[in-house]
Ligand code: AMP
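Next up: a single chain in structure tokens, the form predicted on its own.
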Amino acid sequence: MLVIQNTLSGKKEEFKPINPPHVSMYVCGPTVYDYFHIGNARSFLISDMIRRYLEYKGYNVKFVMNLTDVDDKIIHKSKKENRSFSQVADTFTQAFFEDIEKLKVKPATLYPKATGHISEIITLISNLIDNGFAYNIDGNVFYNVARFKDYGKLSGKKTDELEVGARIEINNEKLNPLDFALWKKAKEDEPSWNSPWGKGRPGWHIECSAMSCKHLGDTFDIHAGGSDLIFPHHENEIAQSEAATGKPFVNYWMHFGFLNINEEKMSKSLGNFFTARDILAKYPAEAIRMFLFQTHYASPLNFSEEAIQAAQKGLEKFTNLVDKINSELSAPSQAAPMTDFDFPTFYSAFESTMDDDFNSPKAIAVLFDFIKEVNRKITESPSLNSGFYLKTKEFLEKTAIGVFGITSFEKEVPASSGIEDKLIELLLSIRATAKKEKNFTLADQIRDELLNLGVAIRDTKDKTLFKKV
């Protein structure tokens, strides 16, 4: 039985999809004005892992991730660079797709864009006005928070406390300082669309409500995103959507913990701001995924070079076993009978941990135990036949690869053409000599400098392999 920690109720609940085996899932995607940072990457990778495990369980997941392609930040950057807002959005939309592909994130079912849903946004705002939950003042349309009695039910915040204590942008047009913009009146030199209230553009919150309801229905199964989105973004989504439709908006709300850099909040001003591209230039995607999944998704996580290097080191156990399996399966099948091995117990242990609110660190611990027992069996029974290795491969394909994406059975072979590859091989030869002479400082320096240049190396029993990352 799969249980999910539901932010809405504050407790773990059995997962009961609306229309099994189908699951509808919406994740807040990027605002495409820059390269996304490693904190965003955590959200994208965790939601990818959740989607993959649901598919492992046999569900057919309709996975929607929006792209915010009109926004104050995009407009500001377009003016700064003297480009149109759409050119900025197109540039970083393409960059987003390039980076999530490198991170081995499965493509979403749909990537709706805000600018492609203006008519749906206008219809939703019109419904809110008709229902008495929104009002138009000179072309600016605001949501009337006081009209929605359940406002604050996701975040636990109370409207009277928010009015007194929160930092609210002063706007004399609003009936209440908590009211938020659904439609913004057009300003000079900003993108705008025609509407019943004049030319303007949508607010951020209404975009997600319109896109999610269009593609997943008025009520859908899972809405996920970073914990920083609980308030006001997700709170406002609930208020808008439920006031417009009169139906529950989302059944399960999932939120991911913050990611810090060296125990400090990630910030450009502190100089500790890393994009996913920065990290991908130094480490393979598998190491990044391993690092992120070794902490429960709801917990805060500290990023450091040492932590991700430790994750990469742990991956060697997987790659060494993968190499062994590939080697054995490429050889003639042994005549020995299939050796008893308790595969069902490991499947059961893996599923029981993941069924407990997607507890990826405990599930990965199960995988390490599996590798340990497989290696022990190989040592004790050198004449194992191909059936054993096929079942071992199948287990890893379903779990380590299918759910976590932390290894691969595609063979890595060192390239041998081109002056660049020859120089890499020369450095690896020098490193091999240094290791023989027990000059581990030099050997580690060569490994680290190659990684900084985007070349990951892996020592095997017979040789050192390299891969450009």
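A residue's number is simply how far along the shown sequence it sits, counting from 1. In this text the structure is predicted, and so the values were computed from the model without any measurement.
Not pictured, yet referred to below: the form predicted together with this ligand.
For the three marked residues, Tyr283, Ala311 and Phe466, no heavy atom of any sits within 4.5 Å of this ligand in the model of the complex.
Taking non-hydrogen atoms only, Arg51 never approaches this ligand to within 4.5 angstroms in the model of the complex.
Contact between Gly203 and this ligand in the model of the complex is not found at the 4.5 Å heavy atom cutoff.
Although the partner is absent here, Thr31 sits close enough that one of its heavy atoms falls within 4.5 Å of this ligand in the model of the complex. Although the partner is absent here, Phe343 lies well away from this ligand in the model of the complex, with no heavy atom inside 4.5 Å.
Stretch-level contact check against this ligand in the model of the complex with heavy atoms at 4.5 Å: of 400-408, 423-431, 35-43, 55-63, the positive one is 35-43. Here is the short version: of Gly226, Gly152, Pro232, Pro191, the single residue with a heavy atom within 4.5 Å of this ligand in the model of the complex is Gly226. When you look in the model of the complex, the only residue of Ile222, Val141, Leu259, Leu178 with a non-hydrogen atom within 4.5 Å of this ligand is Leu259.
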